[in-house]
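Next comes just one chain, in structure tokens: the form predicted on its own.
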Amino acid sequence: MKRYRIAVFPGDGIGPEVLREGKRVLKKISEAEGFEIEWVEYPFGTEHYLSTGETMPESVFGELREMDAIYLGAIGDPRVEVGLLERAIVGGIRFKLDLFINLRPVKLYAEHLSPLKGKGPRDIDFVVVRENTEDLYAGIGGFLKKGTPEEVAIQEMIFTRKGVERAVRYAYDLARSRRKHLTLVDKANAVVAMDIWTRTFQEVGEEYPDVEQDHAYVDAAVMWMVKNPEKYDVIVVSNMFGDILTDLGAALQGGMGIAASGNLHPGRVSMFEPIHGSAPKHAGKNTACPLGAISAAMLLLVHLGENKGACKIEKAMEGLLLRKEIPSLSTDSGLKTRETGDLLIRELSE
């Protein structure tokens, strides 16, 4: 019997609550599909930091490299300096394990969840491929005369040919497996350095004559995402702009409650997480929607090659949303976090 070792970071806020339901769903799938999961749980997050002063030991990254996947709830708490733990834990995993693709599916399952007039599931079904280890997030910069009237703050936007090309190539391969349409989103008309994206996209594209190539500047891209989302199949975009585009994408699919991401290094250990953050004001209330964590579990299964199990989760989730047994993706759905998980388990059993 196949056995997978999965690292778990329940994290902060609603993270432990939503991950609990994702783990339950994965257990159900593992039983149905005949594989086993060994969960290796890590305590790193706000409570651990406040009690020990430790963010994440360097030795843990070595341990993570030996795992089959990483499943993360959420990191962040207002009691800690903004971004401190996010950079150390989430950013640390992304950069030190070289998880160079951030994959964000944007798929609307039920028309009543759409925020766009006249747009339904046929119109909103695309994937954003966001470069995940460069750009402003590389952290090159700092402060001069901090805290004085003469203060200067600098952060460098960094792109490398290697980083851009591997993201672009991944996106072309993904588009080839879908509807064969790829859109590059950049701002090369104003940010001269982004010409590296334009040139790389065109040069790599010569190897993919079967994939239709499109281009949009980021300001136009967000307009078209709202006006005509059906024009998109796969989008490839830089780290910073991708971070913004994908939150809009989450809104198009009904809200943060269902949105998930994969932080990927194809062929190696990769990390999967809901994108809603720790939402501390909802923590402990058992009202957070766990579908983002369950969608992340679905991506995790695809990464492991358990496509049949992933399809079962998607079908179950879609059925519950279409029948409005899960009426919304927010904390006001009327369902407890556990109840939503129970519905998925029931649906998978049937």
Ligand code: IPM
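Sequential numbering from 1, following the sequence displayed. Small disclaimer: the values here were computed from a predicted structure and weren't measured.
Below, we refer to the form predicted together with 3-isopropylmalic acid, which is not included among the displayed structures.
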{"query": "Heavy atom of residue 215 within 4.5 Å of 3-isopropylmalic acid in the predicted bound form", "finding": "no"}
{"query": "Contact flag, residue 94 vs 3-isopropylmalic acid in the predicted bound form, heavy atom cut 4.5 Å", "finding": "yes"}
{"query": "3-isopropylmalic acid contact in the predicted bound form: residue 243, any heavy atom under 4.5 Å", "finding": "yes"}
{"query": "4.5 Å heavy atom contact, residue 137 to 3-isopropylmalic acid in the predicted bound form", "finding": "yes"}
{"query": "Partner-facing stretch of 86-94, 171-179, 203-211, 148-156, counted where any non-hydrogen atom is within 4.5 angstroms of 3-isopropylmalic acid in the predicted bound form", "finding": "86-94"}
{"query": "Within 269-293, the residues that have a heavy atom no more than 4.5 Å from 3-isopropylmalic acid in the predicted bound form", "finding": "273"}
